[in-house]
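To begin, one chain is listed below as C-alpha cells, in the form predicted alone.
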Amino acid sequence: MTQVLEVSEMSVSFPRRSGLLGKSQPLRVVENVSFEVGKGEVVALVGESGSGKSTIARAVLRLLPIDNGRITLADVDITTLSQRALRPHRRNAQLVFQDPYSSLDPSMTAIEIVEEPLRGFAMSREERLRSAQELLASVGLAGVEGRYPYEFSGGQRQRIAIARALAPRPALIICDEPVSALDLSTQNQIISLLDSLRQSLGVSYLFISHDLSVVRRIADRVLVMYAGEIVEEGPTERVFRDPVHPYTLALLSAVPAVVGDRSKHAKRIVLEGDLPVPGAPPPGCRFHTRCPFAMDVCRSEVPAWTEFDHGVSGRCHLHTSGSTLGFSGLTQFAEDAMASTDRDRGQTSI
C-alpha cells in the first residue's frame, strides 16, 4: 500500500518554566511515536483526553515543533523544511476541527469559506467559485452558497469545514474529534459522508477520537495512546475482538452499550486515578499505576513492543511474563463485551 503519511520515532515537548529564575524545562508530551497511513486508509488514534492525540495531529502538520523523529508526507520529508519551503506541501494535509461553531469565519459566506484555500492556486476567481460550489454540493449543501455560518446547524457547519478541507485536494485529512460536538443522528450522517468521500476521492484520514463506537464504524486500523505513547495498534476488528493491552480493554468496557447489557463474564474495568503528569511518567509500564492486572515487573521494566499472530501489536508484560491472565484472558473479556455490544445494536459484525 502506498503511504501518504509516515511518522517515525517522533517526540514532542512543550516548554515549561520552573524555579525562582524561571528557567525553561522541556515537558515531553509525546514519546517516540511511529505509525503510517496508507492511501485511502482510515487510521484512528484513540485514548483519553490528555494522552497526546491532538498534539500528534498538530505536530504532523508542522504546527508544533518536534524534538526528534521524521515526518514524511506524500513522499516528501517535511521534518526540517522551512516555513517557506513547507508552504507548497501544506495542501497535502488538511485539518477538520472538533468544534464546527468556532472553526468557521462568521463574516464569510459558505462559498467564500470553501473558496479561500484555492486562492493560492493558478485559477481565476470564476474557476475558484465554481470549484467551491461543486465542493459544497459534494457534501450535500448545494444552493446555500450565500448563507453565513450562523444560518447553519452544527452538522451543516461541519460539512462546510469538510468541503474546505477538500478544496486543495489533499492526500490526507486529519479529523480531530470531528463529530464529538454533534448529536448522535448527525454524527452518523457525518461519518457516512466521510466514508463516501474516502471511497470516491481516495483521500486518507487520520481520525482522532475517544469514542470507540465511532471508530468501530469508520477506521481500518486503530492506534491506542496512553500517556504520550502508543500502547497497541492493529486492524480495527482484531483490536476490538482480541486486544492485547489492558488499557484498550478498559476503553472497550467503557462503551455505553457494553455497560448497559454486560454478560456475567464481561465486567467493566474501572480505571482509578488520573493519567500520569505529562513529562513525568512512572517507571516501568506507564499504565501500571492504574492497571488492574499490574505485576511487580510492570513497576520496574518498560514492556517490549510485541507482535502477535492475529496482526495486533502492543506493549504489555502480561504476554511475556507467564501471567495466568495472559492473552487468553484479555481475549475472552473482549469476546464477551463485544458480543454484548452486537446484541444491543442488532448487528453481528463491524
Partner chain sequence: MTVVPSEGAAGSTTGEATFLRKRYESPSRRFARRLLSQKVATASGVILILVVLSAIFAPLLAPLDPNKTDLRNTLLPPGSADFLLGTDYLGRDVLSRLLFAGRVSLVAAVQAVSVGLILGVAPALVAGYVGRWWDWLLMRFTDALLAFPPLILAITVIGILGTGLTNAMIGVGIIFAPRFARITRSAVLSVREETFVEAAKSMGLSQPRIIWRHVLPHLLSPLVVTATVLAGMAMIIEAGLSFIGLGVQVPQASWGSMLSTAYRFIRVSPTLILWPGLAIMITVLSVNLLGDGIRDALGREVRDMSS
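We call the rigid core the largest set of C-alpha positions that still match within 1.5 Å between the two forms. All values derive from a computational prediction rather than experimental measurement. Numbering follows the first chain given and starts at 1.
The next section is about a form of this same protein that is not shown, the form predicted together with the partner chain.
- Contact with the partner chain in the predicted bound form, defined as a heavy atom within 4.5 Å, holds for exactly one of Ala93, Ile160, Val231, Ala227, namely Ala93.
- Checked against the partner chain in the predicted bound form, the candidates Leu193, Leu81, Met123, Val76 yield a single residue with a heavy atom inside 4.5 Å, and that residue is Leu193.
- Within 4.5 Å of the partner chain in the predicted bound form, a heavy atom is found for all three of Thr109, Glu112 and Pro117.
- Contact annotation for Arg130: at least one heavy atom lies within 4.5 Å of the partner chain in the predicted bound form.
- The closest non-hydrogen atom of Leu104 lies within 4.5 Å of the partner chain in the predicted bound form.
- Among residues of the shown chain, Arg164 is one whose heavy atoms approach the partner chain to within 4.5 Å in the predicted bound form.
- Within this chain, Ser153 lines the site of the partner chain in the predicted bound form, having a heavy atom no more than 4.5 Å away.
- When the rigid core is held fixed, the Cα atom of Gly202 travels less than 2 angstroms between this form and the one not shown.
- Positional change of Glu145 between this form and the one not shown reaches 2 Å or more at the C-alpha, relative to the superposed core.
- In the predicted bound form, the CA atoms of Pro278 and Asp99 draw together by 3 angstroms or more relative to this form.
- Closer approach of the C-alpha atoms of Ser180 and Ser138, by 3 angstroms or more, is seen in the predicted bound form than in the present form.
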